[in-house]
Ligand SMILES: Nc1ncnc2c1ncn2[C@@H]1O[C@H](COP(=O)(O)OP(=O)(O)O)[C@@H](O)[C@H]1O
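Shown next as structure tokens: one chain only, the form predicted on its own.
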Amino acid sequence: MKLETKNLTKNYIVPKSGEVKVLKGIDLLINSGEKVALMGPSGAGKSTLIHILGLMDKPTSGNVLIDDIDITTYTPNKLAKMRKENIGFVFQFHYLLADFTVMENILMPVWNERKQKKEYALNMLETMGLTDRANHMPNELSGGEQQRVALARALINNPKILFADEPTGNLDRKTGEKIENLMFEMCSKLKTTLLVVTHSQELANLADRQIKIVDGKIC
């Protein structure tokens, strides 16, 4: 899927401070299947931007286009359907559900189709090197294993776009590198468009292109 923004802005009203302008006219184009790293200092607007692109938040003004379709005016239900069917997320924290097994966590986004998806989930576990962890609980896994489960969960529905927000920020460098390489390999295999937010130059170097955002503007 192709992603595009036109003059995208996002403002927040902060008590006692008034209006805070976070995004200040973002024009961005990410082609279908492209892998892009979004970099910039803390507070520059990186997470805000991917939350809007990932249909979890709405811009103050401007347009978001997915495959040349302007989704800015979509209803909440239509946005939720688009997000469920086309978008995957990986965050800095794994957000696995503590009371569910690894397999159940991976199948959570497709719970109504879990019987049909189970074989695919098993294949995903094998790819992630987690076959022997299928019936384990999240608290029985290492940090790297938890994040691999989160990646498998994000990819279980073969999303057309994957957003990763500091996906290895909580991990040591050696463990992080394994997950980063795995994420890029899986996105290449599935032809998934990838936008990854990172402070790591090593991770950014894996991308096809690097974009820097400073003070709410693309440099």
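Start at 1 and count along the sequence shown; that's the residue number. Everything quoted here is computed from the prediction, not taken from an experiment.
Just so you know, the form predicted together with this ligand exists too; it's not on screen, but the next bit is about it.
For the options Pro159, Gly45, Pro59, Gly176, the one in contact with this ligand in the predicted bound form, meaning a heavy atom within 4.5 Å, is Gly45. Per the 4.5 Å heavy atom criterion, this ligand in the predicted bound form is contacted by stretch 34 to 42, the sole one of 34 to 42, 60 to 68, 183 to 191, 168 to 176.
Contact check for Leu206: every heavy atom lies farther than 4.5 Å from this ligand in the predicted bound form. This ligand in the predicted bound form is approached by Val22, whose closest heavy atom lies within 4.5 angstroms of it. Heavy atoms closer than or equal to 4.5 Å to this ligand in the predicted bound form belong, across 6 to 23, to the residues Tyr12, Val14, Val22, ordered by sequence position.
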